[in-house]
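Just one chain is shown here, as structure tokens, and it is the form predicted alone.
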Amino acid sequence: MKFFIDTANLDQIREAEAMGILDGVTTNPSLMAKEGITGKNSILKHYVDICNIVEGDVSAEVISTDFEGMIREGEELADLHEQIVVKLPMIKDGVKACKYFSERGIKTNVTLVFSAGQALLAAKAGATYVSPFIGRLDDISTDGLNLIAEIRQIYDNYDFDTQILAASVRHTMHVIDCAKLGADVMTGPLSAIEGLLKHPLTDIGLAKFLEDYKKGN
């Protein structure tokens, strides 16, 4: 499973990259604003800065909700860097734009997916990634992980190449559960990834090793 980090914070991206396990980055206007990145030129520059840190795909989101606007923005984003993936909303014009870009060899990430039907449409349109938001489904007492399982079954049934990018990952168990279900990618905060490192027996064992080493020296 690929590990993406969902942030616009360059320090966190560098930290994840330094671990040697980072495969890409996803971000959005809200995450940009959280880092104080506002204004078109600043946002575009920030995408390039992210691409210069990581080697993998970097999802950059369009703001337009109409087909023409998405095409205009998406082409501008794709021209920024070869690692850019154009992030499109799961609406009718978003699906149309996905087809447009896929036919031209431009990678896409269809986002705000909350049903298997939406994921099926994205795959039919040639999406590189589809982003089901499991955490947001959990927030409304719906099983987000079940959606991952449904999409996996459908994609396997028909050999779709679209990768399942589990988004809105909130914690470490989300990561483990998505891996069990066969999600191709997870994207979440650095804390969810670093949580995989933690186990009390590891801490106890390391402390014991160090204690025994000191006794012999």
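The first residue of the sequence shown is number 1, and the count goes up from there. As the structure is a computational prediction, the values presented were derived from the model and not from experiment.
What follows is about the form predicted in complex with a small molecule, which we do not show.
A.B. asks: Flag this candidate site as yes only if Asp6, Asn28 and Phe133 all have a heavy atom within 4.5 Å of the small molecule in the predicted complex; otherwise mark no.
C.D. replies: Yes, because Asp6, Asn28 and Phe133 each have a heavy atom that approaches the small molecule to within 4.5 Å in the predicted complex.
A.B. asks: When the contact criterion is heavy atoms within 4.5 Å, does Arg170 count as touching the small molecule in the predicted complex?
C.D. replies: Contact with the small molecule, yes.
A.B. asks: Would Thr162 count as touching the small molecule in the predicted complex under a 4.5 Å heavy atom rule?
C.D. replies: Taking the distances in the predicted complex, the answer for Thr162 is no, it never comes within 4.5 Å of the small molecule.
A.B. asks: In the predicted complex, which of the stretches 162 to 170, 47 to 55, 65 to 73, 148 to 156 has residues with heavy atoms within 4.5 Å of the small molecule?
C.D. replies: Answer to the contact question: 162 to 170.
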